[in-house]
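The form predicted alone is given below as one chain in structure tokens.
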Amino acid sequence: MNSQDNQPSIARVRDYFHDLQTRLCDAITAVDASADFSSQEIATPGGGMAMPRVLDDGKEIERGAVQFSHSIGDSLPAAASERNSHLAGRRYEATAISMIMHPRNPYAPTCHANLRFFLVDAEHWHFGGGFDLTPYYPFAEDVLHWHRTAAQACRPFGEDLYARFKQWCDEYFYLPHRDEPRGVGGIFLDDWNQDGFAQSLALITSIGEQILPAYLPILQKRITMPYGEREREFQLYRRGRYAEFNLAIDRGTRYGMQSGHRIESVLASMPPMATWKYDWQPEAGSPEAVLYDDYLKPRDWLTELSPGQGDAGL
């Protein structure tokens, strides 16, 4: 390996994220041609740049957002330094991409993906991100496909990485005030700078390249399923949990607000519609109860599930 390849480079990561944004938007547009992503280029404080792309009110995607940003600042925001207090107040550059898809069909799960890179005082650097799945009416084959693809993204970099990243994902995408996970998880890493920059970038690239293979087959399979008012009402109720996590817990949302990002872009990942019901409980044995009883719990999905086992939609 050329030693230059192992030098931390904001430009290399930024260019990959920018290219990935285009490919993600193109792939979603091919699934839902009824609407297109908006396209903006917005200067941010310190000389950075944001490119929010949002699809609203499509036939299949009710709200989709694929956000790219390059941030430059004199003081690292608290949300980015709370686990690394020695970095607080130091000059930084960061680049990130995030994708959130809220399909209209309740049988199609919400998908979230995020990748980011921080370079602090041109000395300290780390990567973070991953992807997770939030179904409303889960299907075992979908959850298996999601986690198998996540494991495939990690496998070239160590046999234990998927298990480590899955556990971190389970721990992060969790609502303590509800004592329940947001969905069925996936993989998540933070403060990652092991094995040098080149190897870390290769890992992040591998994760980025598996976002579409993980999600598109599920999305394409489920958006054609018939549904009624009952399924729609449950989807909107469960979207409330998604909103709670983003507003009360998510570090990415807090970072966006603290770093001066445009608030419309920061909150573009929110579902366009959601509801809250007082003390609602699913009826025992109902398709809605399957989500709570069989899926909203940490599990070793790769060994404990088989296709067709515990499908809420059947």
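Numbering starts at 1 and follows the sequence shown. Small disclaimer: the values here were computed from a predicted structure and weren't measured.
Another form, the form predicted in complex with another copy of the chain, is not on view; read the next lines as being about it.
Student: Can you tell me whether Arg254 touches another copy of the chain? I mean in the model of the complex, with a 4.5 angstroms heavy atom cut-off.
Tutor: Arg254 belongs to the contact set for another copy of the chain.
Student: Should Lys59 be classed as touching another copy of the chain in the model of the complex when contacts are defined as heavy atoms within 4.5 Å?
Tutor: Result no; Lys59 lies far from another copy of the chain in the model of the complex.
Student: Answer with yes or no whether Arg164 is in contact with another copy of the chain in the model of the complex, where contact means some heavy atom within 4.5 Å.
Tutor: Looking in the model of the complex, residue contacts with another copy of the chain do not include Arg164, since no heavy atom lies within 4.5 Å.
Student: In the model of the complex, is there a heavy atom of another copy of the chain that lies within 4.5 Å of any heavy atom of Arg91, even though the partner is absent here?
Tutor: Looking in the model of the complex, residue contacts with another copy of the chain do not include Arg91, since no heavy atom lies within 4.5 Å.
Student: Just give me the single entry in Ala274, Met49, Ala35, Val31 that has a non-hydrogen atom within 4.5 angstroms of another copy of the chain in the model of the complex.
Tutor: For this set of options, the contacting one is Ala274.
Student: Could you spot which one of His86, Arg148, His177, Arg155 gets a heavy atom to within 4.5 Å of another copy of the chain in the model of the complex?
Tutor: That would be His177.
Student: Tell me which stretch of 112-120, 96-104, 235-243, 133-141 has a heavy atom within 4.5 angstroms of another copy of the chain in the model of the complex.
Tutor: That would be stretch 235-243.
Student: If you check in the model of the complex, do Asp15, Thr22 and Leu201 all have a non-hydrogen atom within 4.5 Å of another copy of the chain?
Tutor: The answer is no: none of the three residues contacts the partner (heavy atom, 4.5 Å cut-off).
Student: Just to make sure I understand: among 181-199, which residues lie within 4.5 Å of another copy of the chain in the model of the complex, judging by heavy atoms?
Tutor: Not one residue comes within 4.5 Å of the partner.
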